[in-house]
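The structure tokens that follow cover one protein chain in two forms, given apart as structure 1 and structure 2.
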Structure 1
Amino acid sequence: MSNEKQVKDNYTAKLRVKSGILFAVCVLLTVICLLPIYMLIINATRAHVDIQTQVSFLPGSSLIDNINELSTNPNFKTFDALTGFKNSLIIAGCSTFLSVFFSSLTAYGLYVYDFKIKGAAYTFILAVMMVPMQVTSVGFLQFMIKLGLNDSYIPLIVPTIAAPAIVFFMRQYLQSSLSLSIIEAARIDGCGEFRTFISIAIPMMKPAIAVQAIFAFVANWNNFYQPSMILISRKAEQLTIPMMINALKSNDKIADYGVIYYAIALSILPLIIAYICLSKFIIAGVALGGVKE
């Protein structure tokens, strides 16, 4: 009995040490991830001179001054938070919905249906995923100019329907979570194909949809390359938040780091709200994946 107790005690001690190490690593990674955001918020409350002279982890007293400076100084007139939020929300919201919905539909078709070019179609989608946007940007821009769609949000929204990375992720998720017998049962009951996708597949894909929606929304919200390429005229009423922040940072007339930090902190608020709204689905997906029937 004493040997068994000693072995058990040794195992418990090793388990505690391992758990402690894993906990410390997780805490370290959390600090590394959150520290830049924390410093961004802290610097948004500090004055330009203070930011230049010293590093501080404590909030400053210049938040109101930075807000007033950003809203009243004519040198910062290119930054209009409400207009930027509206434009970025239109582009990011529509792009996220289209990319996630149609990618889920495509993944559903590749998983559920069996046709001759199924493998070739999936391989083609993966091949497209390997091509960076920068390679095709010149031809894409020329094509949009010929169509007269430059200075329009249409080229920034409609092409996002083709999202190979989301298709790949959704297909892998369907393979692990959706049984084909459920689809067959729905067909026997007289449920149409599209209704089956909406009523059965979509609810089961909620965790995966939430994850990809967050990634897609963040990517489209932070996208500077494509809007700056398509919106050639740089009309103030069309600028997105990243374009406004870039204009703010590149302003050679006046450099106020406190104002710039405040503008950047303001720009990430919708991302935080989107994550808070969708995070419960991610947690539910992790919990569901940990349960084995």
Structure 2
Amino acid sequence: MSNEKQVKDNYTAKLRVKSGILFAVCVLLTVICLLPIYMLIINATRAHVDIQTQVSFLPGSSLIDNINELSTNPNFKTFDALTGFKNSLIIAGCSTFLSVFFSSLTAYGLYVYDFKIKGAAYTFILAVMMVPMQVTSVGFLQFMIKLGLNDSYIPLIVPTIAAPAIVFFMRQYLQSSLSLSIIEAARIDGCGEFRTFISIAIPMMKPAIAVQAIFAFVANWNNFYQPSMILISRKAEQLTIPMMINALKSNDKIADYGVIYYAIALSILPLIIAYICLSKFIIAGVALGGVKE
């Protein structure tokens, strides 16, 4: 009897030790994840001279000076955070709305109706899901220059109407949650097809729309490649936040580390806040996207 108990105790003790070790590993990884961001915030509050002489893990007292320096020094003219946020918000907001709305529409059309090229259309969407942006960008830019659309937001916003990955996700979701008999019922009640989509399908797709909207927004907000490709003239009033950060880091004239750290911190602040609020959604969304089976 006591032998059995000992075995059991041994087993629990072993598990406890293992859990402890794994906890330590997790803490270590968390530190690796957070330390760069922590150092960023700390250094944003310190003066240039202090940063260069001594590393500190405690905040300094120069935050106000750095804020003033960023807004007054002509060297930082290209980094106008408010304009950057506004531009990024316009591009990401419009793109998110268009991509989510039209992807839902396409997925709904592919799921609800029976028509000749339905299978072929869906296969096509699956096939092009993997085609990377970089492959078409040479022809894309040349075409846009021909149309005179470079230095405009149109090539950044309108193409998002066609988002194959979101269509795929939405169709998967419809398949699992929307029964065709509801559509039939709406028809019998005399509801038009488009109205059925707006007032019945969209409300039922809300969870999927929320997840996809968050991801589309973050992706478009962080997008550096396309804006820096299309906005050839680099007009100050058109720059997005990632482009401003790139300009800031490429500028050899700027040597004030405190201000640079502050500018970088400012650029990621909205994302961090949004992430803290929405982390549950985001984690669940990644998990959903992972199950492709």
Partner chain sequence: MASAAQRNIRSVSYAKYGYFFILPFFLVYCFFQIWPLINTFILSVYGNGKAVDEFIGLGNFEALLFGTGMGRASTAIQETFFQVLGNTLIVWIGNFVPQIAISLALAVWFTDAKLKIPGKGFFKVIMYMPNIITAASVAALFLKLFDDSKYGVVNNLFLTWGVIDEPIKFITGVWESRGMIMFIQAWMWFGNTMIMLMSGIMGLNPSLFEAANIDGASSGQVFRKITLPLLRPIMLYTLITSMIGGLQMFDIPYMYTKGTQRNEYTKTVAVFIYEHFREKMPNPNYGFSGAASIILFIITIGLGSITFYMNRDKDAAARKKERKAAAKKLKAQQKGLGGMEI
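All residue numbers here follow the sequence of structure 1, with the first residue given the number 1. Throughout, rigid core stands for the largest set of C-alpha atoms superposing within 1.5 Å between the two forms. In this text the structure is predicted, and so the values were computed from the model without any measurement.
Only structure 1 is derived from the form predicted alone. Core-superposed comparison between structure 1 and structure 2: the Cα of T45 travels 2 Å or more. In this overlay on the rigid core, M229 has a C-alpha that sits less than 2 Å away from its partner position between structure 1 and structure 2. T240 is not among the residues whose C-alpha shifts by 2 Å or more between structure 1 and structure 2 once the rigid core is aligned; its shift stays under 2 Å.
At T72, the distance the Cα travels between structure 1 and structure 2 is 2.7 Å after the core is superposed.
Its Cα shifted by 9.1 Å, C26 is compared between structure 1 and structure 2 on a rigid core fit. Shown is the Cα shift of P59 between structure 1 and structure 2 after rigid core superposition, which amounts to 4.5 Å.
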